[in-house]
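Heads up, the chain below is alone and in the form predicted alone; it's given as structure tokens.
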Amino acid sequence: MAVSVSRAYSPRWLTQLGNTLSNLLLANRSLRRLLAMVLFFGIWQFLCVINFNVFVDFQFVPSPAKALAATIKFMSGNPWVHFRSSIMRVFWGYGFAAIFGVFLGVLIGWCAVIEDFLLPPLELLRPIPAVAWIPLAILMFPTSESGMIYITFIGAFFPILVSTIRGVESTLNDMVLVRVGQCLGAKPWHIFKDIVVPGSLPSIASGLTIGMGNAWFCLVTAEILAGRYGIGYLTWESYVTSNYPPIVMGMLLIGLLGAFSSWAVSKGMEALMPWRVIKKQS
């Protein structure tokens, strides 16, 4: 009898609400992503409030609420000098890296002679971390600004180069497309222009997206050691002065700028590949 009474008075509206939310989450990707961000910051805030200290100590980690307060304070001052400095450094460094990375990557992937002359020294330089280039950049360039742009260039260049090379080689390895072009009378230039380059675009797009993230990563390193303005310099200055909330603020701003830049690059490359449609499972 107790069981039947419990079922009779069960809150059906709660069940219906749960079903409605589940359907919305399954149908709306934007809502799912928003929920993921809410959960991320909510868990972070909760761990800071309870001073979680199991393997990772959150006792002195600024909470999202404190980072938000630091952001409001930062925005009320003169933030654009920092934003402008960081964005322009990434713009120039990444721009040069994209041009040279794609150009050299296509040539190296296409021509064995060019590969033999260019790839060995580039492979020697590729594993060197960006921070190791900073002393040499100070010696090579007349201003710290040009040195920071160079460090950003280094960070973005090699991911773009390697992805482009692998994309060209993968397209050349697909002998079906190459043979079809040859059977239709295509010359080497037409195979390169109409088969190799379009077939390499997905890999080039991946390299450009990864390179953008690396550009922001290396920019922060350069600004910490040689900058006077910029988000990375602001983050380091806050650490030196033991002002911890702006550190988290700077990290989140860098992440936001990097994510937006990578999204813009990805959308731009998708516009160049209208034939490429990706369908994922819901």
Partner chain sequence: MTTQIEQRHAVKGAVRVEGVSMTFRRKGHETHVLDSIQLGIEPGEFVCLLGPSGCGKSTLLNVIAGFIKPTAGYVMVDQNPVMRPGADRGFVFQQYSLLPWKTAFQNIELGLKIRGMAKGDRTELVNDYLNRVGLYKHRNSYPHQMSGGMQQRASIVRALVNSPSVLLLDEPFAALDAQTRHMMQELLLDIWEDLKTTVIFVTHDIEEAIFLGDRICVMGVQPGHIKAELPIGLRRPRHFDDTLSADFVNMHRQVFECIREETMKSMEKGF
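Numbering follows the first chain given and starts at 1. Please read all numbers here as calculations on a predicted model, not as lab measurements.
Separately, the form predicted together with the partner chain exists; it is not shown, and the next lines address it.
- Query: With the partner chain left out of view, which of 114, 122, 195, 210 would have a heavy atom within 4.5 Å of it in the predicted bound form?
  - Reply: Filtering the options by heavy-atom distance leaves 195.
- Query: Which residue, 146, 182, 206, 71, has a heavy atom that falls within 4.5 Å of the partner chain in the predicted bound form?
  - Reply: Checked against the cut-off, the match is 182.
- Query: Which single stretch, out of 114-122, 174-182, 101-109, 135-143, brings residue heavy atoms within 4.5 Å of the partner chain in the predicted bound form?
  - Reply: Answer to the contact question: 174-182.
- Message: I'd like to know whether residue 190 contacts the partner chain in the predicted bound form, with contact meaning heavy atoms within 4.5 angstroms.
- Response: Result yes; residue 190 sits at the interface with the partner chain in the predicted bound form.
- Message: Using a 4.5 angstroms cut-off on non-hydrogen atoms, would residue 186 count as touching the partner chain in the predicted bound form?
- Response: Yes.
- Query: Is residue 95 close to the partner chain in the predicted bound form, meaning a heavy atom pair under 4.5 Å apart or at it?
  - Reply: Output for residue 95 is no: heavy atoms all beyond 4.5 Å of the partner chain.
- Message: Does any part of residue 79 reach within 4.5 Å of the partner chain in the predicted bound form? Heavy atoms only, please.
- Response: Although the partner chain is absent here, residue 79 would stay clear of it in the predicted bound form, with no heavy atoms inside 4.5 Å.
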